[in-house]
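Next up, structure tokens for two forms of one chain, structure 1 and then structure 2.
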Structure 1
């Protein structure tokens, strides 16, 4: 494979990534990808054979991207409250740079759930669960740890995934979406930390 091959293949792959991420598989046209890549439609098939194969290559790459950060963050060696703050900072900043990514992944997995297998093995939920459980001590029941995890993800992903709607509603109240998300980097972790603290307080009161 010569250097030029590589360049063309990359141009196609990058263009496909942008358009698939934006529109999803069903609404994407091979012609649009060719146009954005600045090459001919036939070349798409020369390099990737079919629309499906090109899509799968793109999906793999993007699934890799979105789950790369996840697991590692809670492995860090720092106080739990700082982990929460660190997570929201890193995660929201990442999502701001890749605002279309969550909806793309959720939408396509929704359409064909077999795509799940492509990244499920990347996530060891029990490992994370134990980590958090160890951090939080006996005042938090292990049964609510999965809820805590889902809550944290919901709080950081949803406002980005539903950006057009949230943005529209905020706008109607005179609030700028971007400023709102900047605030959120601070507000969201404190929300979570407060909920956990209060839970611990109540749990200790009961024991007395």
Structure 2
């Protein structure tokens, strides 16, 4: 691939990402992407034969950004509480810079659940679950781990995905949304950490 080919492909990919995030797969036309990229439709088809092929490439890239990058945090060699704090700091800041991404992922996965299942297999989600379980030890039941994982994602993603709702609630209370999100970087991980500690105490009491 020549340098010009690579630049054209990147231009198409960036344009497709913007259009797919705005409209989703079903409502997007190849002509929309060609227009956004500033090329003709024939050239677009030369690089990407079909809308589905281009969409799959975009979805994998975006899912990689929102899942794989942050899932790897739990592989780091640091205390688990530090991992939780680091995850929320990095993930919330990332989502603030990419506010359309959560709804795009949710919408497309609702349309085609296999998109996410294939991706989660690729990043080995079971390995992440095992790593979290290993970090927490015997004081946390394995049955609690999936709830913990979902809670971590929800606490991070929901305020961004549901920004109009959250903003309305905060406005009525005289609270600025951006200030709230800055506070959330500190508050959200403590909710998770305190919940884990409570589970550990209950587990220890049961063994007494």
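Remember, it's a predicted structure, so these values are computed and weren't measured experimentally. Numbering follows the first chain given and starts at 1. We call the rigid core whatever largest set of C-alpha positions still superposes within 1.5 Å between the two forms.
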- Task: Look at both copies of the chain and name the one that is the form predicted in complex with the DNA.
- Result: 1
- Core-aligned CA displacement of residue 151 at least 2 Å between structures 1 and 2: no
- So with the core overlaid, does the Cα of residue 113 end up 2 Å or more away between structures 1 and 2? yes
- Message: Would residue 191 count as moving between structures 1 and 2, using a Cα shift of 2 angstroms or more after superposing the core as the test?
- Response: no
- Shift of the Cα of residue 42 between structures 1 and 2 with the rigid core overlaid, in Å, rounds to 8.4
- How much does the C-alpha of residue 53 move between structures 1 and 2, in Å, given a rigid core overlay? 6.0
